[in-house]
Structures are given as structure tokens and as C-alpha cells.
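Read on for two forms of one protein chain; each stands alone as C-alpha cells, with the labels structure 1 and structure 2.
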Structure 1
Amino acid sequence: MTDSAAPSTAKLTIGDKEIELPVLVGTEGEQAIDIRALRSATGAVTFDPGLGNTGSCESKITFLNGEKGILRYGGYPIEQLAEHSSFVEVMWLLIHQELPNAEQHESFTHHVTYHSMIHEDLKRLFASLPKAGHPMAVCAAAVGALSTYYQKAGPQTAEQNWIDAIRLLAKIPTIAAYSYKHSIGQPFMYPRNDLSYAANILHMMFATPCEPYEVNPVIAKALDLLLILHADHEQNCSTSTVRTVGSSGANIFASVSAGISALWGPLHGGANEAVINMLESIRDGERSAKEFMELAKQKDSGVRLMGFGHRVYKNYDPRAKILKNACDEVLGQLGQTDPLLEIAQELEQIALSDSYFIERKLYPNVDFYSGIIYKALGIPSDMFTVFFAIGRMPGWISQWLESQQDPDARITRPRQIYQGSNERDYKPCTER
């Protein structure tokens, strides 16, 4: 749907110069001033730290409206996908922007559950890293190392890119599970290609060679839901990183490895682990929920209400809404109770009626409740963000593939406003 009322140009005056800039309109009516001619016409650049007002690309993959709390992959509402779809189907949807037909679904499911082994030599990489090292660092290293095994990877033919995309989707669960097994000193469990995508992850995480392991279907289903909700979120920090690295011509493994590193930060995907640490500190009596909330409002305290706030959502994150309901359901099905859920609900209650959070439009984001579910599934907290990375993999891949085909794509190279010293003459050390 296009907005017929949208202006086709915008006028900008700077000093005695006036220029007319085209206005792009997206299919959902979003407007963007195309400033590509700005610098050559006026000598000025734009200043937008954090790029909150900058559209860095055109994309057909994911639509999100932060004011209304809408998220759609390829036009399909996240609520419908969460209820009716599967993670494997969502992978295809993101990459092709269409749902697969039955034949495509079958063949794609085969590919992403078949190419799951990693090269035996790559296992030595895990062994060479400290057991206490964070699994996100291990996964970033192992994914980056895939390009040493698949040396044809790069901005290549569509066919080669597709093969590498399948490799990443099929092998990331194995890499993730090996990072965990290495950290606890258990033997690696080879993937089982007869299991579903989610069930195989659980098998590789929790089975041992000593005894049979049955995947609990409730846990596999809940995991599949989490992966769907994490699958893409348009130009977030890690996805922009993947596109930026890819813009230099770097291969898909190197680009995605950088995305994993970006996701790790506590202001991004690492927030799910930080949320659990925060809730546990309240549970363990470090401070009460109310005291914590007072601290979170003080700028100089260095404390934030983790899992709250979002650059784009100025409304309830639709993924958090789904996860909040799923928390009750999954805990109920598993016969568990978790005091952390009550603490999270109390924090949310305080926030939603506190003017500080209301005025700044701070609502729960995807990470606020996801950690409680991961915990209920038995996933250790330092693996939460790794699971987020498994989920985000099809998003990174589809965005990387799209950027490689974009005729407007150029190497990412922003400008700066220099505020340093003006020209001065060098003085030898003795004269300084």
C-alpha cells in the first residue's frame, strides 16, 4: 500500500543554497528523504549518531512499526507465524520472502537438517579455547573459521551463496552445542539428522554417549517458538554489522561471525543473560524490586532495567507479548514454577505505572521474558545469547544475500564531523 499523500520531494536550505531531494516511500507508507546528492550539492553531510534516523538500505524482508508494535516477516504477522509456522519454514520465508510450498519445504528441511556435521578438524578449535571462555566468543570464532574450510565463499554466484547459507543454517546448532559441551567438559554429541531442527539442538546439548536421551516435545516446541521470534528484526545492530562487513566484499562466514560478536553485547542480544542476572540479584536479596527500579532511573547509577526499552519500539514489543504468555504456558506444561517470573512481572508492573518509563515509552522487549523460558528449558544462562544467534541466523543470511544483490549497495563508509586539533607543526620530543 503506498501513501498517495506522501510528498515526492523535500526542500532543504543550507546557507544560500537550496536543494530539492527525492522522497522514497516504502510499501507501508514510510517516508525517507534520499540524501545521496546532499554532500555533492551542498558540501554538508548529515549527523545521526547511532543512525536512529537513517535508512541504510531498502529491504523486502521484515517490516516493523515501533509505534504500533507491529512485526511482520515477508508481510506475515509475527503472531500468526508464532502460532502456525515453524522455524525451518520461517528460514525459507526470510530468504525468499515467500512461504515454501510442500516440495520446497521438504527439500529445504532435508538440507538444513542433513548438512549438520562440522569438519572433524574444526573440533580442535573448540579444544584450543579456555573452557571458561564465553560461548558467544567461541561461536564467533568457529563461524569465522568456517571460511577456512569453505574457501569458495564470498560474493559469488547465487548458487554458491545458497550452498553457504545452507551450511550456516545446518551447522550453527552443532557449533552452538559444541561450545556448550566444551565448556562443561562433556564429549561432543554428533548431530542426529532424523530429528527436527529444534530437537536435534537439544539432543546435541543434553545427550551423552552413556545413556539414551529423549527429547521432550514440549521443550522442542518452545525452543522452535523462541527461534521464530528471534529470526529477524530488520536493521538492528548485529544485522547492520553483517551488512557492513559484507559491503566490503567479505564472505558470508566472516560477515555472520561479526554479527555474532555484535549480538553478544548486553545492550543487544546479550540482554537476555543480563535480565536473568538482574532478576537473580533481586531474588537473592541484593535489593528489592522497588529499590532496583529507583536505581534504574538514576542516570549515574550505571544500572538499567535490562530487557526494557528499544530503539524502534515505543510500544510493547510484540515478541515480548508472545513470550510473556508462553512463559506461563511452558512453565505450566513442564510443571515448573519460577520465582524469577514473579519478579519480572513485578518489575514490569512498576515500570508500566511509573512516569519515568511511561514518558520515555519504555516497554518490555524480546529479552525480558525469553531468559525465563530458556531457563525453564534447561538452557544455561551463558548460552541464552547463543540460542538467540541460532534464531537470528536466517535473518543475517537473508539480509546479507539481499545486500549482495542490491544495485544501490556500496561499501559502508560513513562520514564524521571532525572536532580535533587544527593543523599544527610537529615538535621533537625535547620541545614538547
Structure 2
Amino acid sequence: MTDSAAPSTAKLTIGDKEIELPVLVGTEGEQAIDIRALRSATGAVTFDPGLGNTGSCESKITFLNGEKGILRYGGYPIEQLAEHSSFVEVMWLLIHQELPNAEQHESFTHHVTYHSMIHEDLKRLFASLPKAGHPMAVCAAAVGALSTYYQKAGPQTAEQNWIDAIRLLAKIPTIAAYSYKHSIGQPFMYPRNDLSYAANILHMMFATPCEPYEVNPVIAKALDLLLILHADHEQNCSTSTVRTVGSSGANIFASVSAGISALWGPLHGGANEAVINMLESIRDGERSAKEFMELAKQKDSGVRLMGFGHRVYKNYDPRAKILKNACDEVLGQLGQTDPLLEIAQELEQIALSDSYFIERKLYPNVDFYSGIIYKALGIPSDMFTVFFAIGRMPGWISQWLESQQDPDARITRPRQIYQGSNERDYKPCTER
């Protein structure tokens, strides 16, 4: 860490007591007041619902500046990685905070490819679940069940953790594809070692034993881009969940299973599915895009604008910029026109020229355009969040591994401000 011109301590006054707290400074100049001694020194705790102003850890993985619209993995701008890198390479980068050399890339790609099969007995888990069940619930269950097949998993040696990380990265596409095949009643397709990571996912999703299936390279490339953009995003809800569960000593499979469940929420990873539902409601409804946006400004209208604004970004989400350009390119290469894209572009134009949205900094986020691309690739809407989970997997894993190596890590245990009844005596039921 660098100290630069930042103060080394901060003074806090509570009543007639004044204490000094250390100030931590990140490599990008972020400042944090270290309050670890606050409760023991004063008896007070901080109150921060949603933890939006609380740093829960120090990390070397991802840098995010919401005011300037900056996102970097291991120091590399997301724009450069989206243009030049691959998802498999980004996996290595997030875990090691360095890009792999040629030998490392070849070896890592081999391991991620050749560990993609799941135990045959695990396939029975899919058969035991309702076909109408959401694929995210199925994926969470299957990833959690991996703990029963790899019982040595846990916060143990670096070697064991690495083996389990490889297993998760390799098997999540198979688990995701099997969750889809189960939902539509088609036979499972085994992974193929001759295909790239993205192409293998598409093959397992859409191929059948009846006839050969050739993966469209345009679709595979677009999917690889989406996975890169989803790969990590600092201490978001699902990532914090993975770290929190891992802080208890839970193994990587249990921790990531919890992260999948957190991602499923419509305010987190489920937002891209909600965007498509919103666009379809405008397309199929009586109100125009302009009328929809007017209603979205009214709190009591029941209309909610999805895919705009972000908890961290107060500027244009850099991932949304990349996907906006990718939308036109992918649809053009596939020879498709999509009225939903036209509606989305109209909503964006209105938002960027309306003072209501400008003042509130409601710019399009990554969910706004990702759903449109997923739809163009033929991905069913209930699988959007599953693909988000595939993309976020290396981020969860790298965050879990980092937390296990952190000498200052403790089991997560937030405090609360109690607002219930004061002490009172118990009375028998007949006297109440």
C-alpha cells in the first residue's frame, strides 16, 4: 500500500472521548478508516445498512471506480481484456493477478478442459428435481453436492484448493448445461475436449444425439466476451456471500453454492432476465417507450426501470459500453433484427436526455444489454443468470482463495443496533 499525501490517522470524538484510528490507503489512492479497535475503545459500533460505506477486506483482484466508470482485473482495463483476451486467460488472471505465459496458458487450458465431466452418479440429482424448477436452484444444488464427491475439499493446502478450483471452473459449464437439458427433457450431452470453453457450453446446451451440431464461431466469441465482462466485480452481494460463507471454514463448493443463490436475486444477477421481461412488456403492451419512461419516474405507478443505475457506478458502466457495441456487431453477423434492441436503444436515448435520469445518474448497466445478446445467441431467458454464474465463477473462486490466504481474515460476524423490547418478566399464558 502507498501512503502518498493521505493522513495516517483519523480522529473520532464520541462525547468527551477522542480516539485516533489508522487510515489505510489503497494502491489507487482509496482511503479507509480502520475501525477494528472502535468497539473495544469506545463501546460503539458503526451503522451502515447494506455496507455501502464499509470495506470488508483488502484485495488485489479487481479495481472499480464507480465515479469514473473504471473496471480493471489485476490492473488490466476491462476494455483491453474484452478486445484482446479470452475467458480462460481471464480466469488465470483473476486467480493469480498476472496474465499467464504460453506454457501456463496451455497447461491451464488443458486442466480446465479435461476435468469437465461430472460423476455419473451426480446426474441422478438432476433427475430427482422438478423439470419446472429454475436452473439457478438446480445449479446451486449441484455445486453444493460436489462437496460429497470431493470430501477432501476445504480450506486446507494451497495444492488442494487449486485442485478444487480447477474442478469448479471445469464442471460449472457441464452442470449449467445439464440443468437446461433436464428442464426441457432432452438427454445430457457429454463435454467435448476438442472445443473451446465457450463452444463446449453451447454444444452441451444445444446438441442432441440425433445429428451433428456445429457451434457457430460468432456465437462462441460473443459468449466468451459476455463471460469476461461477468468475471468479477469487486465485493458485490454474491462475492461477499462467498467470502462470508468461506470465513466459517466452509469448503469452496459450499461457499460458491451460496454465491449462486445470492446471484439469483432479481436485484443482482437476475436483473438481465428482468430487463428482457421489461422490454417484452413494452413491445407487447399498449404503452410506448416514452410513456413507460414517464411512468418509471412516478413512485406510485408500479413501473420499474430495469437495467439502469448501479449501486457503485455513478457514471456509464464500462461493461455496458462494450456490450452496446457488441449488440450491433453480433446481430449484424447473425443477420438478425430484434425489436427489443430498438426499444432498448430508445429507452437509453430518453434516459440520457431526460434531466430526471441524468440528475440521478441512471445510466445503462451491464444487465441492460447482456440480456439482448443472450437472447440473440438463442439462450433462454431463465438461463441468463446461469450464464452470469458461469462467468462469475473465476471471480468467486479467486476471492475465496484470497480470503483463505489473508492472515487478518476472521469469521464474518456483523453487529446490530437492537431496537426491541427492554428486559421484561415472563408471565404464564393465563395471565397475559
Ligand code: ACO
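Just so we're on the same page, rigid core means the largest C-alpha set that superposes within 1.5 Å between forms. Counting starts at 1 with the first residue of structure 1 and goes up one by one along its sequence. The shown structure was predicted, so the numbers you read here are calculated from the model rather than taken from an experiment.
Structure 2 derives from the form predicted alone, whereas structure 1 comes from the other one. For Leu331, a C-alpha deviation below 2 angstroms is recorded between the two structures after rigid-core alignment. Glu280 shows a C-alpha shift below 2 Å between the two structures [criterion: core-superposed Cα displacement of 2 Å].
Here Arg304 counts as shifted, since its C-alpha moves by at least 2 Å between the two structures after the core is aligned. A C-alpha shift of 2.4 Å is found for Asp354 between the two structures, based on superposition of the rigid core.
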